[in-house]
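Just the one chain here, laid out as structure tokens, in the form predicted alone.
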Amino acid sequence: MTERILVGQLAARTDGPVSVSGWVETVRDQKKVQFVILRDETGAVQLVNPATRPAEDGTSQDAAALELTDAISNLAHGTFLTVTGDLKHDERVKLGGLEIKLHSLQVAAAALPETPIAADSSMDKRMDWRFLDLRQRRNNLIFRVSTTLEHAMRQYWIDRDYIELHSPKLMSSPSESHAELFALDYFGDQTAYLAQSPQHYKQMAQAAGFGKVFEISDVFRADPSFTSRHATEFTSVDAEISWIDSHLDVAAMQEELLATAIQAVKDKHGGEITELFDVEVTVPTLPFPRIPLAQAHEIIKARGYESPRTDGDLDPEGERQISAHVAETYGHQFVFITDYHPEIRPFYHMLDEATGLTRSYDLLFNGVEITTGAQREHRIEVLEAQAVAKGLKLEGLAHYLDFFRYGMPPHGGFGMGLARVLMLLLGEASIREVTFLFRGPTRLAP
């Protein structure tokens, strides 16, 4: 295979013959000269061709030049092609200070002349034609940022001797609760469930003596919500560690992880994010503020807001209010809300003997919850009692509970929604914009 020259590499090359491949973004077909903006995954370049038109008096013209001019005139937006020509650096050219004078072009796949979406198309329409929507430079950057963010998190963990897991997504019992659960027939005589999280298997790894683990993978929630931050399938970033003293050890690891990953994004993409999203990437200082849930309610009440929820948790407006308080008081985008009542937490969260509250937290980023973390209950007799108190049948948890019958270290971890982090980092209004292909109650295609 011939080595490709990417548009992003052209600036470093000297003037002379060059060949590049990509797709047509725009064509300006003027009488005496033609301009094409060619884009690939690294950028855009201007192509120029002195137009050769059929002579009005019928005199002969250069056949190859006529053919090239005609081919350019018939190019449709989105056509994929390879061009050859002479690269010329010219500071007068607004697009990157260089252009390519065309010698030839070869169409790999022509596009239909009418594009089904436009810049002002609705989000649903753009999601219908997501592969076209993703051709925009702005959308391309989203997934470069996502790649950098994930790589930095993985590197953080690998540098600290964590083990990466790839846990099953088909389960014999629910991983969280019977709510928001996708069930499917499994060869006629069994019911399988799509994993709501890798929670069971992260904890199994602790019983296996792995010590520190992480996983970045898809999870599934049969959640009928149509909000900007919910999906039925999404990428979850999970970690679990042994030999902790409390949930605060987990929080300390997560805040360091996030600061490291956001620094990597800022270093690699900060300028382009500011250019395309009008957002300045801020690397959070450590430690993040920590506020107990009861105190958070007092703070937002003093700000003139009371949550209508009856279970004692924060509603979305409450999350925004406490985050606004943190931004005003501490100048910080993140805040850990700690010490949740067991009624609004899973049965496997450890209870603090002194307070009766769970050793758990939610992490808010710019007013939106991105994480739940906790110390897990590792003592089998306590775990079983807490499951029964939640109305769960121990028979349905048999495989999970077996993890604890042969020894288990004190441990804890967290699960974090990748799309929410990206949405908030880039200042987007919905996770749909930062998800490669969104899945929701009414969105199963493409």
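Keep in mind that what you see is a predicted model, and the values were worked out from it rather than measured. Start at 1 and count along the sequence shown; that's the residue number.
What follows is about the form predicted in complex with another copy of the chain, which we do not show.
Can you check 365 to 373, 104 to 112, 281 to 289, 352 to 360 and let me know which stretch has heavy atoms within 4.5 Å of another copy of the chain in the predicted bound form? Result for this chain: 104 to 112.
Using heavy atoms only and a 4.5 Å cut-off, determine which of A294, A179, I344, I163 is in contact with another copy of the chain in the predicted bound form. The option sitting close enough to the partner is I163.
Note which of A387, I37, L66, M408 lies within 4.5 Å of another copy of the chain in the predicted bound form, where distance is taken over heavy atoms; exactly one does. Looking at the other structure, the residue within range turns out to be M408.
Judged by heavy atoms and a 4.5 Å cut-off, are I158, F220 and I241 together in contact with another copy of the chain in the predicted bound form? Every listed residue reaches another copy of the chain in the predicted bound form, so yes.
Does any heavy atom of A205 come within 4.5 Å of a heavy atom of another copy of the chain in the predicted bound form? A205 belongs to the contact set for another copy of the chain.
Is there a non-hydrogen atom of V421 within 4.5 angstroms of a non-hydrogen atom of another copy of the chain in the predicted bound form? Because no heavy atom of V421 falls inside 4.5 Å of another copy of the chain in the predicted bound form, the answer is no.
Any non-hydrogen atom of K169 within 4.5 angstroms of another copy of the chain in the predicted bound form: Yes, contact at 4.5 Å.
Whether R379 contacts another copy of the chain in the predicted bound form should be assessed with a 4.5 Å heavy atom distance threshold; does it? Yes, R379 lies within 4.5 Å of another copy of the chain in the predicted bound form.
Judged by heavy atom distances of 4.5 Å or less, which residues of 426 to 446 approach another copy of the chain in the predicted bound form? Heavy-atom contacts within 4.5 Å come from F436, L437, R439, G440, P441, R443, L444, A445, P446.
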